[in-house]
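Shown next as structure tokens: one chain only, the form predicted on its own.
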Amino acid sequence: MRGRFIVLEGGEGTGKSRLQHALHERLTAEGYRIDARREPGGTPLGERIRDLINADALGDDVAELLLFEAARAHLVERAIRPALAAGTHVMCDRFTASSVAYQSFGRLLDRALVEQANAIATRGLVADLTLLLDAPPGVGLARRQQGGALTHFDALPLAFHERVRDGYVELARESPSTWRVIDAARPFEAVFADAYAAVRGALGEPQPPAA
């Protein structure tokens, strides 16, 4: 049976990485086979591209988009598709919606261009469930300041991050059957409870052990 593809989305400081770790730990303990990945990254090549993107602002929005897409294409073909085909569920920190939110709404690239690049990179792969961790940009950026490990994305104007949030909200509105919006400004325990319920419902019962 094909695995399910779960994606965590949200702006800076909304807690995606922490939530992914907690969900992976809980679901694995319950007998689910979960492959946790992140974007950009998730493969050795992808992690090198991630370091390149995060090191400095490129000054070219199309080049930035294509670097994200190169990492995504590699991740899809080398990790996500094989895992799903083997019956393993995949949980990914960011996917195609990030490119629409950040490069189209945030950077103001043409949305059709971004979606075409997404389609090429994924070869049509879409998430079965997307969890949007939604919080006011000011809240998320304050958390990032407290947590350290900042990138040049964190230093972009607040208006950029507000456009990114608007993009995510629009995407969730367009696909209500496969998106769940979770208020990420609340304490983590409440966010985890809502996310766990949504993911557990999408996964069904744990798979039998791999042969």
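It should be emphasised that the depicted structure is a prediction, and the values quoted were computed from it without experimental measurement. Quick note: we count residues from 1 along the sequence shown, nothing fancier.
Omitted from view is the form predicted together with a small molecule, to which the following refers.
Note on the interface: of 77-85, 101-109, 120-128, 134-142, the segment with non-hydrogen atoms within 4.5 angstroms of the small molecule in the model of the complex is 101-109.
A residue is said to contact a partner when one of its heavy atoms sits within 4.5 Å of a partner heavy atom; Arg50 meets this definition for the small molecule in the model of the complex. Among residues of the shown chain, Pro40 is one whose heavy atoms approach the small molecule to within 4.5 Å in the model of the complex.
Within this chain, Thr151 lines the site of the small molecule in the model of the complex, having a heavy atom no more than 4.5 Å away. Taking the partner from elsewhere, Arg72 is found to have a heavy atom lying within 4.5 Å of the small molecule in the model of the complex.
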